[in-house]
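First, one chain by itself in structure tokens, the form predicted on its own.
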């Protein structure tokens, strides 16, 4: 038996998400100790491990939980094809410059936006980072790849015909890394939300005005590996104090990777959790 905190750490599934799944889908089905705290048997842990793997492949919880445990295991076996590591590595280092945009667009059409983000963009960025560190990827080519991917993602954020919420995505002064923010925006867009990208870095004092200007229901901010965790927490606390209570504040990025609790702030550092966050925090998504 493991507690909800132990289960969350082992599988990388947020405790809040586990509670949402229990309420919405009837699984997992924890037992309770003498104090009423949730305890999870090993059999359910293994089932959740399969569910997490399917989610990482880009499948949504509603689809996953519609299957039986046996069906999920069989489906995972079908889905687990070898990662196209060599293919993406070739795209990163050797594909002619004039073909990069066309190749990324082809994969986007082939997979759809959600799975393009999770199965192409995320591993591609990881490969770019590793190749830059080992010296096999030039700064110029890394910038070209990043800029091409960023422009492609921005193009997908066309206004929703019947938006069920609007989020302004931005970075604060000093934070120049925006790819992670764009990946998040693309997935929020897939959930039916209007996503407004602010290209320029903003001073903290201007965030409220920008949010009101766009009539947003939420503001999302990213803090990359180059941000200080301590400073990120301070900025978020100040921003939460200044923003109207009705405006949701969503924060993510490497600097918040430990998933700390910040009062009044929705910390989301796992792209796979965005769907569940939307279900919880944007009730209009469940209507119609």
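Whichever C-alpha set is largest while still superposing within 1.5 Å between the two forms counts as the rigid core. The shown structure was predicted, so the numbers you read here are calculated from the model rather than taken from an experiment. Numbering follows the first chain given and starts at 1.
Another form exists, predicted together with a further copy of the same chain; not displayed. Remarks below refer to it.
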item: Residue (of 162, 110, 86, 138) lying close to a further copy of the same chain in the predicted complex, criterion heavy atoms within 4.5 Å; value: 138
item: Candidate from 127, 210, 157, 179 lying within 4.5 Å of a further copy of the same chain in the predicted complex - any heavy atom; value: 210
item: Proximity of residue 143 to a further copy of the same chain in the predicted complex, heavy atoms at 4.5 Å; value: yes
item: Residue contact check: residue 200 to a further copy of the same chain in the predicted complex, 4.5 Å heavy atom; value: yes
item: Proximity of residue 134 to a further copy of the same chain in the predicted complex, heavy atoms at 4.5 Å; value: no
item: Residue 71, heavy atom within 4.5 angstroms of a further copy of the same chain in the predicted complex; value: no
item: a further copy of the same chain in the predicted complex: contacted by all of 97, 151 and 206, heavy atom 4.5 Å; value: yes
item: Interface stretch in the predicted complex with a further copy of the same chain - options 114 to 122, 101 to 109, 180 to 188, 210 to 218, non-hydrogen atom within 4.5 Å; value: 210 to 218
item: Contacts with a further copy of the same chain in the predicted complex - residues in 2 to 20 whose heavy atoms fall within 4.5 Å; value: 6, 9
item: CA of residue 14, rigid core aligned, shift of 2 Å or more between this form and the one not shown; value: yes
item: Threshold 2 Å Cα movement between this form and the one not shown for residue 49, core superposed; value: yes
item: Cα displacement of residue 247 between this form and the one not shown reaching 2 Å, rigid core superposed; value: no
item: Distance trend in the predicted complex - C-alpha atoms of residue 9 and residue 248, change of 3 Å or more; value: farther
